[in-house]
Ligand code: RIB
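Next up: a single chain in structure tokens, the form predicted on its own.
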């Protein structure tokens, strides 16, 4: 049974991932930590707290870093809505996070239980990088870290070559990818290929009729509008849920490549690009397990089970 800490910048797809984790019978979520990304930190925290309450779970939510390590915060509110949850009028305020800082919780939990905790990162890697800077041995005590970030095919969603989570804080991403921590990268390319929900499929999922099914589809309203207008996708994709699903069930990763991944921290066109060193030209860099394709049917079955 995987024991998870989920680090999230809780936008609309993050919330679906949280529902899948909290509802899965074979997963335990020890903590949820929040970071600024899709939305500012206070909204990310409120959105996570709302989702936990909707699931009837008691998982603690801890607030973390409010901005990238070195750069100004750039949010994804133009994609996920001003509130990050589709702007559908949810009561996303008034809840209180657990006492303590996300970085402390990550360090303390993982070092106290070496080899047991899987980190699942659904936003910028700022909290994980800060934890590594404070406690480099964290890289050796984490069971694994599944990162929703990057793209193995060179296609970006915030620039021609970069995915948002890595682009938002590339310095943090470089620290994490260079740490030697056992990493699995599930990038935007996996979501774009194997986790797009078209309008008919969305209607079928919503027709499950549970409050969670209606919630998980309705909060994609702003995302659906943005993707239809700007990317040409026939529906909305679910990058965070597919990464979460791989963390729980590794067999969902149907095609993988073990290869060093370098993070571009420049200020130019390639900021935040995940560069795969397929030829192993730079042998000193740690190897990352890069997911290239996912088992869509297995993923959809996990999603449907959570919504029921």
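Residue numbers count along the first chain shown, from 1. None of the values given here were measured: they were computed from a predicted structure.
The next section is about a form of this same protein that is not shown, the form predicted in complex with ligand RIB.
Student: I need to confirm a contact call. Of 106, 219, 122, 142, which residue comes within 4.5 Å of ligand RIB in the model of the complex, counting heavy atoms only?
Tutor: Partner contact (heavy atom, 4.5 Å) among the options: 122.
Student: Using a 4.5 Å heavy atom cut-off, indicate which stretch of 260-268, 24-32, 54-62, 235-243 touches ligand RIB in the model of the complex.
Tutor: In short, 235-243.
Student: Quick check on residue 38: any heavy atom within 4.5 Å of ligand RIB in the model of the complex?
Tutor: Result yes; residue 38 sits at the interface with ligand RIB in the model of the complex.
Student: Flag residue 177 as yes or no: does it have a non-hydrogen atom within 4.5 angstroms of any non-hydrogen atom of ligand RIB in the model of the complex?
Tutor: Residue-level check for residue 177: no, no contact with ligand RIB.
Student: I'd like to know if residue 157 sits close to ligand RIB in the model of the complex, meaning any non-hydrogen atom pair within 4.5 angstroms.
Tutor: The answer is yes: residue 157 has a heavy atom within 4.5 Å of ligand RIB.
Student: Can you work out whether residue 148 and ligand RIB are in contact in the model of the complex, taking contact to mean some heavy atom pair no more than 4.5 Å apart?
Tutor: So residue 148 counts as contacting ligand RIB.
Student: Residue by residue through 137-174, which ones have a non-hydrogen atom no more than 4.5 angstroms from ligand RIB in the model of the complex?
Tutor: Read in sequence order, the residues that approach ligand RIB (within 4.5 Å, in the model of the complex) are 148, 157, 163, 164, 165.
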